[in-house]
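Presented as structure tokens, the chain that follows is alone, the form predicted alone.
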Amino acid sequence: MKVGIAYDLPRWEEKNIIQEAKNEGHQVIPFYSKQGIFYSDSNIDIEADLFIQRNVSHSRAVMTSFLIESQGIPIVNDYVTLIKSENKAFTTFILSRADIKTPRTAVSMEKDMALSSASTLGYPVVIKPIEGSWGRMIAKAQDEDSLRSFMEYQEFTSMYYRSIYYIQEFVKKPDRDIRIFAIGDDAPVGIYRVNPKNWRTNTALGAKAEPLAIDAELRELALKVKDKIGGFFLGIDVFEDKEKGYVIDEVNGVPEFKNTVRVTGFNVSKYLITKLMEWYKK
């Protein structure tokens, strides 16, 4: 099988996927997205049976998935899944409309309306950029004064959605959250991300990864999220709320998994390749 890897920055994950694909006897076709040119009247010369999307840049990931799909080559994840998963507003509203628990969220197009929504949600609130990762620019506003400041910071960024305000209730979770991976028809592995010093429990912000025993409820929830968001390989972030139980925070369409492999010993890349081959042969 010829397995294409679309990437823009070769991290540990991309190198590991390439190595495991080779170990399984597949031919790897690396595709460095920054040097790709797609013409509307012809196909790019890529001899791959399927692709794995690994671009760090969200815009490159969506665009290259779309363009590769337009040539009739399946890619994991597809561009629609990436749009749904990388846009936090899309993710939250798709899941909440499907009766999957998410933090109560308000999306507003104007500053005064955003302030009004925060009063309705009740302080403290969390303000997030519509798109982004690694916990960047996510802030907890204790009151209206601090929220005004955070909104002002957002307005003067170059973010595409800088004039749209995504504000959530603050979930009183333990000093950890859960990252669980949905791969094909399974949710085989996950971790706790623990940080007693920062309410944001991203490993990029210093949280420590610890092994997680996946219970039946969590596995079922992960697969339900995957069913609504789509895709084949997702990293799903889950809060543990004392009153609501498991609450879905975010969904990642191009998830990192280095720390998961390190603390669990689970070979995510090999499992992904195996599941992809099963799926492709069907």
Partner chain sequence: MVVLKCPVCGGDVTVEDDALPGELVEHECGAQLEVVKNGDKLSLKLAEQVGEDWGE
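Note that the structure is a prediction, hence the values are computed from the model and not measured. Residue numbers count along the first chain shown, from 1.
There is also a form predicted together with the partner chain; it is not shown, and the following applies to it.
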Which of 41-49, 25-33, 212-220, 238-246 lines the interface with the partner chain in the predicted complex (heavy atom within 4.5 Å)
25-33
Does the partner chain get within 4.5 angstroms of any non-hydrogen atom of S116 in the predicted complex?
no
If you check in the predicted complex, is V263 within 4.5 Å of the partner chain, heavy atoms only?
no
So in the predicted complex, does any heavy atom of R179 sit within 4.5 Å of the partner chain?
yes
Mark A98 yes when one of its heavy atoms lies within 4.5 Å of a heavy atom of the partner chain in the predicted complex, and no otherwise.
no
Report yes if all three of K84, I127 and T201 come within 4.5 Å of the partner chain in the predicted complex by some heavy atom, otherwise no.
no
Heavy atom within 4.5 Å of the partner chain in the predicted complex: which of T157, S149, Q71, Q142 fits that? Just give me the one.
T157
In the predicted complex, which residues of 46-62 put a heavy atom within 4.5 Å of the partner chain?
V56, S57, H58, S59, R60
